[in-house]
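Given next, in structure tokens, is a single chain: the form predicted on its own.
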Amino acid sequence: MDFELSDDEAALAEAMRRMCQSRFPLERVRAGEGRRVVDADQWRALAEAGVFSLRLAEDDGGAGLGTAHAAVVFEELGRALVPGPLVATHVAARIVKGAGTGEQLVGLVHRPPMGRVLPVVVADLASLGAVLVVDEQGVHQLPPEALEAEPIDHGLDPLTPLWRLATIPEGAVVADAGTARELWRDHLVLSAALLVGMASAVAELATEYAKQRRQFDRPIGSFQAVKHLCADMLVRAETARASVHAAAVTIDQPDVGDALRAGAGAALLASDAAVANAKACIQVHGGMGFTWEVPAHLYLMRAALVSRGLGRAQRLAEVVAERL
């Protein structure tokens, strides 16, 4: 399998990176810490760039592209730490009217199976126009006001407000069990793409710092211990990227293999890469890594939050094992 981006994919990645640099520079993203509502102008910019309608058919107002192209886009969004329910709104675009055009922000919740204990956490609830609940029976749609939710005052990620749900009502069934599995599979793969973007961003951040920071009249990047940290970060990020692209291609071409198995494997690798790389980035920065000025902690907290939203690592591993 060729993991080099096509010319179209490379151009799409470059365009998305430029858009994120102009509309979502890190200082502007950080200015939203603690905000309870996603910025409407920024969300509209994402919709106009086709983030949510990318995979919709052209007759439905979309670009008619595949998951492989979407993975490239979401990697850049993860790299820029763009806030909001990005993946949920994207995968909901074929079900919820207005999601593809950015008029509706959509949350996605996986209902715990029987015997599992609530609460469940949902992000950005104050900004949502609809909530989709995925379970073994299908996809259920709920208005946000139907949820009994308690805000969490100090969530893991300062850029992502969270609410705790003690119960999840049934809601209106809007899609069958097959669509529910596809929705969750796509959510796994595109969330993994976000995590790959984060893993790559902190690897680059650490490498640049290691080149510039001097100790004993030498750049710290010349020391073997720091070299190994940076090399390991690169390997983790590239391995996860290959896994995500393989999963995306498998969704687009089902005859290639088992898309759910590939998606669960990609989610496992990307979660580990993003969290481990963010921790290593903090370590490379030394004492500076623990200050609020260095953004490495923001990547660590976002990576941990997105990883938790994919489910327990053990369950993802079980999905891979069951489908071998």
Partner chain sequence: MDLRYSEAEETFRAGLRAWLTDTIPTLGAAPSPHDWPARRAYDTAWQRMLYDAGYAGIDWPAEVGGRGASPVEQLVYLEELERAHAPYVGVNFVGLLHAGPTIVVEGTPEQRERFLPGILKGDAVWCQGFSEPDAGSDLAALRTRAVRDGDDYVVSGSKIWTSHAEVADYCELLVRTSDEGPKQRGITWLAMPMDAPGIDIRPLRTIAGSNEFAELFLDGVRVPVANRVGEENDGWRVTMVTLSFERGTAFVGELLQSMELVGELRALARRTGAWEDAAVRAQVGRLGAELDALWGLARRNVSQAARTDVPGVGGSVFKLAFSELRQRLAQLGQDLLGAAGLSWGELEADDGSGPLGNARLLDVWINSFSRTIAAGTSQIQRNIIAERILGLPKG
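Just so we're clear, the structure is a prediction, and the values are computed from it rather than from any experiment. Positions refer to the first chain, counted from 1.
Only in words, not in the display: the form predicted in complex with its partner chain, which the text now covers.
> In the model of the complex, which of the listed residues (Leu142, Ile95, Leu159, Ala246) lies with a heavy atom within 4.5 Å of its partner chain?
None of the others qualify; the residue that does is Ala246.
> So its partner chain isn't shown here. In the model of the complex, which residue out of Ala201, Ala99, Cys230, Leu128 has a non-hydrogen atom within 4.5 Å of it?
Only one listed residue qualifies here, and that residue is Cys230.
> Any idea which of 250-258, 103-111, 85-93, 132-140 reaches within 4.5 Å of its partner chain in the model of the complex, heavy atoms considered?
Looking at the partner contacts, the answer comes out as 250-258.
> Does Asp272 make contact with its partner chain in the model of the complex, using a 4.5 Å heavy atom cut-off?
Although its partner chain is absent here, Asp272 would touch it in the model of the complex, with heavy atoms inside 4.5 Å.
> Would Ser22 show up as a contact with its partner chain in the model of the complex if we use heavy atoms at 4.5 Å?
Taking the distances in the model of the complex, the answer for Ser22 is no, it never comes within 4.5 Å of its partner chain.
> Would Pro219 sit within 4.5 Å of its partner chain in the model of the complex, counting heavy atoms only?
Pro219: contacts its partner chain in the model of the complex.
> Would you check, heavy atoms only and a 4.5 Å threshold, whether Glu182 touches its partner chain in the model of the complex?
Residue-level check for Glu182: no, no contact with its partner chain.
> Has each of Leu147, Leu188 and Ser307 got a heavy atom lying within 4.5 angstroms of its partner chain in the model of the complex?
No: no residue has a heavy atom within 4.5 Å of the partner.
> Since the partner is left out here, which residues of 203-220 would have a heavy atom within 4.5 Å of its partner chain in the model of the complex?
Heavy-atom contacts to its partner chain in the model of the complex: Thr207, Ala210, Lys211, Pro219.
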